[in-house]
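Structure 1 and structure 2 below are two forms of the same protein chain, each written out on its own as structure tokens.
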Structure 1
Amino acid sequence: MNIQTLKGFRDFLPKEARKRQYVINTFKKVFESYGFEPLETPALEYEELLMGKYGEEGDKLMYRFEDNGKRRVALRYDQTVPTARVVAQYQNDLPMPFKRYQIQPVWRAENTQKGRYREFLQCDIDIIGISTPLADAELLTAVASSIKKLGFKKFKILINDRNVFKQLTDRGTVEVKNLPDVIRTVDKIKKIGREGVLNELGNKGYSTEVASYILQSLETQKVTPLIAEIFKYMEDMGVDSTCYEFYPLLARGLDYYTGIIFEVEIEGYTAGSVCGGGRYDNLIGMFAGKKVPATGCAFGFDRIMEAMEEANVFPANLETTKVLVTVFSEELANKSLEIASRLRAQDINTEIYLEPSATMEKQLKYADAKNVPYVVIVGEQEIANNTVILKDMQKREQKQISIEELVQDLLPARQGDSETSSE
């Protein structure tokens, strides 16, 4: 038996899982503050629903197979296409605009590397059913708020307008049928550099002069009226202008974008963007039978986690258990259980040691191993005096107090932790 995870798949032990939960809770709080509501979709969809929506590369990376019922199915590749299916399926039951967030795993059969896995969590927000620049601006503002709330001080939202690329077909430089391929090539500029893009365009049949013209026309592009209007709304919503900029070389390789596109880069994090998205006004119509405008984005959860580790912005204490109540002996266990129940009734996360015969040294080592901030010791003398010993494991200090004082002492700690986690 091979006792290990598959390549590109991971286990998350409690220490890491707590950090992930902290990020998820932070995202949810920000998203809901803008009126986004939760949505969940199945891991499996019909293959035909997903195929052809992500471009040729996406189709190759999709996990596809035949299930036991002989149906062709595929694992969720992203959350945008399933959301489009939901809107089409439940269009008469959803208020428009429909503002949703979705935090679920997706699967891609790609080569693993730093920040990339075959199963990973995506965090999406979308505004569906409205095409105003204000909707795009609010989406971008929610993105900026999320990144800031996670503790990042220096980041940049690079924003472009997909219509910038349309000028290449309007001028006859690129044929309409070839434009998606050119866009995907330009999208690689940060990975392979300017010369790399020119060489790849050359390999696709464009002369040196035409390839240079394609890049130069994009590099010299001025802010479009749409982007200017979105920037004004973002300014009105209080987004610092140093956090975003017009970047005409931003392409984003997916085929379904129709308007603004954007990516978020965090200063000092070199593995790539941590969030990307844009407007996709035609995708949902493929399922709904009518045009349904939409704008949205996906946060790269694992990259966010890596960037937070590198920037050291996680709160110091994310432990689940706040108090360990020790058990002095089998005969005195009832008193320890009573105290633990009393603390839990006050919403203080409390653990009881489950081996009454264990030495006190062993119980304290257990608390240390779990980074439990406080330990309550209940011995014969304490029970006789209706007191307990409260031990601060960080300060290595302890005091004898009444049970009533114990609850009051621990309540500020609980409230302080709650405030920290919401910042």
Structure 2
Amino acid sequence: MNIQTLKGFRDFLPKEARKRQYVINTFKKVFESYGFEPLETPALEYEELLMGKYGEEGDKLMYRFEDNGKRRVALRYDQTVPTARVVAQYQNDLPMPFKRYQIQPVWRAENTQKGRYREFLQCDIDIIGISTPLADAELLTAVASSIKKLGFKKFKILINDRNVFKQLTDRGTVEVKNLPDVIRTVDKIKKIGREGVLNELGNKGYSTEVASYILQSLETQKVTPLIAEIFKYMEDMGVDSTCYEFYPLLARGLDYYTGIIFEVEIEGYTAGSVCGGGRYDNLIGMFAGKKVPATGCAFGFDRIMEAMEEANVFPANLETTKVLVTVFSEELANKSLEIASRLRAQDINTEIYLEPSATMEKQLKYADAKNVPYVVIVGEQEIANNTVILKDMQKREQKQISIEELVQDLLPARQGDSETSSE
């Protein structure tokens, strides 16, 4: 039997799971500070609801099957189509604008050789039902706050207005039907360089002059009135102006964007952008039978995790347990248990060693294996003195103190407190 996970699927053992929770909680906190609210949709949907929404590739990569009731069903492929369903299904109950965040796994039968996973977390925020530049500005501000709150010092939101591409068709340089293809080519400029784009446009039948003209007209593009208005709002909301810039070569390949588009780059992280999005006014209404404007973005959760590791911005102490209280016999257990309860009552995460007959060495080894920073030793002698030994596992120091002192010592330092340590 295969005692293993499926290819492209992952277990998250405590150490990794804690880091993921830290990132999720940070996102939630920032999203909620802007009034985004949680939404959850089911893992399975009717197949027909998802089919044809993600192009041919999407239909191929989707996990689809027949359930026990002979229904054709499919696993969640993204969070936007289910949200479009929600907007149609509950249109009378959802106050608009509907500002929602959604952080759930999606499933795609990707080729895993590229370091891609078949189950991965999507982390989306969207403002639905309103088309004002102020909504775009708020979205971008929330993005900047999120990235900052995660600990990244240097990052840049590259922002463009999808309408800058329209001049190419307005002037007749590119035929309307060919525009998406030209956009997809320009989108590769960071990967294949300027020459690469010119060559690819050449292969598509554009003369050297026209290809150059296309690139140059984008490169010299001035900030559009829409972008100028959004930037003004972002400034009013206090976003540091070094965090964002107008970048007219940003294209984002997807056809459905109708207004601003943007991507977030972390300085020093070269695997790609960690967040991307824009305005897409024609998508969310697909099931509602009417136009529902929307602006939103998706954070690449795995890339965020990777970039945070590289930038070393995870907090030092994400361990669950702060203190291990030793137990040396069933008879002496009561003092240890009482101390553990007192510590927990002060919101100090406390484990007791669950095998009362174990040696001191074994108990300390367990604390080390789990990276528990403090051990409280409650032996026969300590109980007689009504004291404990507090051992700092990092510094390898220990001291004998009263139980009152112990509680004081282990309380997290509060703002405004003077030093209360008895060391």
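We call the rigid core whatever largest set of C-alpha positions still superposes within 1.5 Å between the two forms. Just so it is clear, the structure is predicted and the values come from calculations on it, not from any experiment. Numbers follow structure 1, counted from its first residue as 1.
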### Message
Deciding between structure 1 and structure 2, tell me which is the form predicted on its own.
### Response
1
### Query
Taking the rigid core as reference, does the Cα of K190 move 2 Å or more between the two structures?
yes
### Message
After superposing the rigid core, is the C-alpha displacement of D181 2 Å or more between the two structures?
### Response
yes
### Query
Once you line up the core, how about E319: does its CA shift reach 2 Å between the two structures?
no
## Note on the structure
When only the core is superposed, Y244 shows a C-alpha shift between the two structures in angstrom of 2.5
### Query
Where the core is superposed, what shift in Å does the CA of A211 undergo between the two structures?
6.7
